[in-house]
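What follows is one chain in structure tokens, specifically the form predicted alone.
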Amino acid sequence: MRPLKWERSTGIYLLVFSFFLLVPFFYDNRTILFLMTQIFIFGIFAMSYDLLLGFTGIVSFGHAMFFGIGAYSVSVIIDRNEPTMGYLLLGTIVGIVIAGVVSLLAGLLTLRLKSHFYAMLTLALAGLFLVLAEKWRGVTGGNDGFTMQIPEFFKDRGHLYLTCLVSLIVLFFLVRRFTQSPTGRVVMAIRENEQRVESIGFSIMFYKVAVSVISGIVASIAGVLYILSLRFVDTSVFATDVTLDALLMTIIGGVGTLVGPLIGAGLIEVAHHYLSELASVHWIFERWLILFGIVYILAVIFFPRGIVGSLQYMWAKRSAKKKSSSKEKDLAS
């Protein structure tokens, strides 16, 4: 990897993250802290999806599988033993290992072919894990799920908030570093033109599988944090809706931008929270996903680059125009 290079955007990100780190020290509203925690968790999850879709061009219909693996690994191990930090760490490691192995197998089996085979296999595997969780009631509690105790440290909402935020910051900079590395450049080149990258000697399969494994592991960590915030797990963590949420967050925020999915996660979680509260006003707000379906269609038609992608495009266009006009002035003088 190249040595770390300080960029102006890094300073902006650190400034924004620093602001959020200070929030629990001067604002302790439990509802808002919980909402922010959910945004950080789904921001991590959407970022893992963007790594697949936005940076590599791989579509997954079963990304919730990795989220659910992380959630159930921690829940079952803590529930069967004691709610201590040691068992939480053990459950997290188990979740990461299982997610890594499953994503490795899914990648090895399908990524040699077209990416829609990966999409279909992940959808089938997510369905398989869902059925397994429903039928293995003795361990998973079936559709009813189960509640569990968590380590004392995370019962404090402020501590959980900071843990989720720090996890987001660390994962964001790690994934960003990966996408800016030579390996990340090859991954993005694969997204643009697989045949050309293969013709110059790179192993397409290796890079795609590597991204699949990294993405699966990051998604499983989001699942672990999600369960800590709810203290309850059921089979909904494997549902297709969870994958669709990640897709929506990525598309609305901006595919292939990393920051975009975080903004998308913020918009959707805030809208979900406040629209659900309006359910008593009109029945349409109970089906808030319908509204997001409309937003998704409009976003794809009018803003295919998403919020961040559109802003980057406008900025690049403006810079190019400025350079062109300054060149013209130089020539005229």
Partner chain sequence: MDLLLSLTVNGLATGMLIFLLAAGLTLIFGLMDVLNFAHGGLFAWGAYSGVWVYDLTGNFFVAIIGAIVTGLLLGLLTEYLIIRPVYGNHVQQILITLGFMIVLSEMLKVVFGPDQKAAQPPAFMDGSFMVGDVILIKYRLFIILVGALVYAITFYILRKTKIGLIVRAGVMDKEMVQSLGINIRLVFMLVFMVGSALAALGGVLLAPYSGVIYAEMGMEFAILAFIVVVIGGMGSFTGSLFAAILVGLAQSFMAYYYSDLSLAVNMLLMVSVLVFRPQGLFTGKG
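The model shown is predicted, which means the values in this text are computed figures rather than measured ones. Residue numbers count along the first chain shown, from 1.
Although it is not shown, the form predicted in complex with the partner chain is what the next lines describe.
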State yes or no: in the model of the complex, is some non-hydrogen atom of L248 no more than 4.5 angstroms from a non-hydrogen atom of the partner chain?
yes
The partner chain contact in the model of the complex: T163, any heavy atom under 4.5 Å
no
So, V76 and the partner chain: in the model of the complex, are they within 4.5 Å at any heavy atom pair?
no
Check whether G127 has any heavy atom within 4.5 Å of a heavy atom of the partner chain in the model of the complex, and answer yes or no.
yes
May I ask whether K135, V255 and P304 all come within 4.5 angstroms of the partner chain in the model of the complex, judged by heavy atoms?
yes
Note: the partner chain not shown here; in the model of the complex, the stretch from 117-125, 89-97, 163-171, 215-223 having heavy atoms within 4.5 Å of it is 117-125
